[in-house]
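A lone chain, given as structure tokens: the form predicted on its own.
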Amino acid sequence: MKKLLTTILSLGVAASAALAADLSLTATKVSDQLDAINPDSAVWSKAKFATVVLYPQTAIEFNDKEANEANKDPKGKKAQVAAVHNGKEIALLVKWADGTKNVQGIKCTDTYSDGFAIQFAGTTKKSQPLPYVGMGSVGRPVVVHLQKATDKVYEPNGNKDVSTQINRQQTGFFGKELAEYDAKVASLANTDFERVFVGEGFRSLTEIKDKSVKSNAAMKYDNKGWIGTLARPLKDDYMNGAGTVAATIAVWDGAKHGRNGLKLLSSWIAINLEGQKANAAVVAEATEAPKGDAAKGKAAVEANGCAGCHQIDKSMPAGYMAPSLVNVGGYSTAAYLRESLIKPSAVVVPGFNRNAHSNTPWYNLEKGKRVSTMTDYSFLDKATIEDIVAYLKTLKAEVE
């Protein structure tokens, strides 16, 4: 195992494909079955590793004083990423540093676990533009695989057996009977917190419970860091992976009260399946470099009053009238930023922020559809739009 981990680390550090720079990698073609893959599987020695940077998600400030204090100066984090496929299944490995192992139990409600998620672009008639990172967007669904580090937790795993949902001190059992009761409860407990969701815009994220997605995720803590793996079919009811698969990665740090939107995440990654023709359009969108002049873009942002609603940097007060843009350049593609400027209602961040004034809603409902209150900047000339996109791409935290 130590040899495998050493190989994983050395391959990741030596990888010539700088994923942080171009956000693309190749999934190595293998003949192995991948449905039971885990961090210890030997197949990872065949994979090509690369580096991806995960940035703090800062669209909305939490109403949690302790969480905000723990994350007052968040940094980006590098992760080592690899992918393999066998033509029917795809598997990813994510390795990231975390000096504290946090496993969620059932003894209290204010402790949080470490975890990771891998999101894939769902099936659409057209592969572009890619969905919004996190929850997807209308007409552009996503599939999210979430894995958390947990202790043994009794659910009771869908069995609906109320006789084993009673506190052991209220059972009336003693001695041998109580020991038998404890054993039965333990046998029903679950040590694997793996969930799969589908989403098509904010507030639409829904857990898939009908077992129509056959996936397998696992986590292993080793040498002050986590290794997370996920395997799933390339094609099912929610995803049609061929040529190039678009994915994003997120990790949570329980020591910093990480949960929900309090996490680190990447932008879209184009994963090209070795042996298949790559989807050039998806690769181009995931790897597009800004075309404009960032300095001119900053001036245009100031001239058009963007800071009147958005928090542009940490020196400004938290933005309660619109999403914070402090790290938007780290987890957003140039295509998404461009779309947000000229079609602000294409993706509407949930709002209403409970700290916002009632007269400054983030969106209005018109015939049942969320319409952003943000100005439509399609009146600006193309060069200015590209300058603003270039500037917004610079907005990201320092990397550890």
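Sequential numbering from 1, following the sequence displayed. The model shown is predicted, which means the values in this text are computed figures rather than measured ones.
There is also a form predicted together with ligand HEC; it is not shown, and the following applies to it.
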Selected contact from Cys309, Val103, Ile249, Ile208, since only one has a non-hydrogen atom within 4.5 angstroms of ligand HEC in the predicted complex
Cys309
Out of Thr51, Ser372, Ser41, Thr28, which one falls within 4.5 Å of ligand HEC in the predicted complex, going by heavy atoms?
Ser372
Contact stretch among 249-257, 229-237, 176-184, 322-330 - heavy atom within 4.5 Å of ligand HEC in the predicted complex:
322-330
Contact check in the predicted complex: Leu341, Val349 and Trp362 versus ligand HEC, with a cutoff of 4.5 Å between any heavy atoms. Do all three pass?
yes
Exercise: Val144 in contact with ligand HEC in the predicted complex, heavy atom 4.5 Å:
no
Indicate whether ligand HEC has at least one heavy atom within 4.5 Å of a heavy atom of Trp268 in the predicted complex.
no
Can any non-hydrogen atom of Asn304 be found within 4.5 angstroms of ligand HEC in the predicted complex?
yes
Counting only non-hydrogen atoms and a 4.5 angstroms cut-off, does Tyr55 reach ligand HEC in the predicted complex?
no
In the predicted complex, which residues of 45-71 put a heavy atom within 4.5 Å of ligand HEC?
Ala59
